[in-house]
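Shown below, as structure tokens, is a lone chain in the form predicted alone; questions about how it binds or moves come after it.
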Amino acid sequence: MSSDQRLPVRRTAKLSIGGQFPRSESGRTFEVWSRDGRLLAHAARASRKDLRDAVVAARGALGGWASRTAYNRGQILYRVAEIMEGRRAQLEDELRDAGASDPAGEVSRAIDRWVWYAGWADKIAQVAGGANPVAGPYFNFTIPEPTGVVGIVAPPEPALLGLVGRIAPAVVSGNVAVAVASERSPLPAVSLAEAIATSDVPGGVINVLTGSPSELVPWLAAHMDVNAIDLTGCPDELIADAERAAADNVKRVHRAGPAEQHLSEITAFVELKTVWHPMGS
């Protein structure tokens, strides 16, 4: 058969849960179209059950990820950037199909942002924590610790940079993430998840769901085993209900401001613990 007679292998973009790539338990998919009208793939439409599975996977990975040394977490996250660099052409093609105005630039910025946050891994404790002067015979230390399981609603655009800019600052301090990717342009998110799976990131640390925010965000916000939620990419009509649902277990709620690449995006999901230790005899 000549090359012009063969049918291309159509991509089925799956979810990323616990280091695996399952289809949705519901069996549902949605079509992903290019801006010029070409069918690109069928992406899995995550259900509430898929979201619950992702939270279970994240919770199971939290202890191991948080207990790694900060330096080791930085090395692992830097490895993701290396894998992304090797898949640059694919990521650019997917962004171009999605109608991105500068695909090459967005991929470069996404990789650079990942490296930037990875570099903070062994510096967070020194900058956010420290020794506090106290009037008494004891030492007083402030120590940053991860919040736990962080739910993330990624911005619809830019599909890749927006997702990286929300996941990286959450996980660098030892948190784990359940991210709802752009419904409009899900393929770059799936490719990022594949890059993460082929790096050294333990399964369950970063879970990526594709589908409808209107279906997933209310349950992510209300889930009692999610400790914090990033609503940066949440549709306006869902924000008020999501904030009310998050209040049931006193989740930390965050929305990124104009300066998205900033230390404050890391400390947004860090708990500062104060330790007192007696000194002298």
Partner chain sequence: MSELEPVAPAHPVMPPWEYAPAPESRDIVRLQDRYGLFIGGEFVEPKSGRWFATIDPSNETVLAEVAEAGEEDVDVAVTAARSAYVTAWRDLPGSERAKYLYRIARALQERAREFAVLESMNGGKPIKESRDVDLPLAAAHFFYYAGWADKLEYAFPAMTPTPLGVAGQVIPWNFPLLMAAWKLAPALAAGNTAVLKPAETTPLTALLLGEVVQQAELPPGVVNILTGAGATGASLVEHPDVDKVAFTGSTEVGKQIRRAVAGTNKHLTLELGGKAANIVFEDAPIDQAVEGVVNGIFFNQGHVCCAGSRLLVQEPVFEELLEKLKVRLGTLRVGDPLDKNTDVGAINSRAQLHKIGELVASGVEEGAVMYQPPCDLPERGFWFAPTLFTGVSQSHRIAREEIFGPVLSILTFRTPEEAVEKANNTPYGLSAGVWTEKGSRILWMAERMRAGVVWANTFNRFDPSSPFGGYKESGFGREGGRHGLEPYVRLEPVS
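Positions refer to the first chain, counted from 1. Given the structure is predicted, the values throughout are model-derived calculations rather than measurements.
The same protein also exists as the form predicted together with its partner chain; that form is not shown, yet it is the one meant from here on.
Here is the short version: of 165, 211, 146, 204, the single residue with a heavy atom within 4.5 Å of its partner chain in the predicted complex is 146. At a distance of at most 4.5 angstroms from its partner chain in the predicted complex, all three residues 135, 249 and 276 contribute at least one non-hydrogen atom. The stretch from 124-132, 152-160, 80-88, 183-191 that comes within 4.5 Å of its partner chain in the predicted complex, counting heavy atoms only, is 124-132. Taking the partner from the other structure, its partner chain in the predicted complex has no heavy atom within 4.5 Å of any heavy atom of residue 70.
Interface residue remark: residue 244 is counted as part of the site for its partner chain in the predicted complex, having a heavy atom within 4.5 Å. By the criterion of a heavy atom within 4.5 Å, residue 140 is counted among the residues contacting its partner chain in the predicted complex. Though the partner is left out of this view, residue 39 does not reach within 4.5 Å of its partner chain in the predicted complex, counting heavy atoms only. Along 202-226, one residue reaches a heavy atom to within 4.5 Å of its partner chain in the predicted complex: 224.
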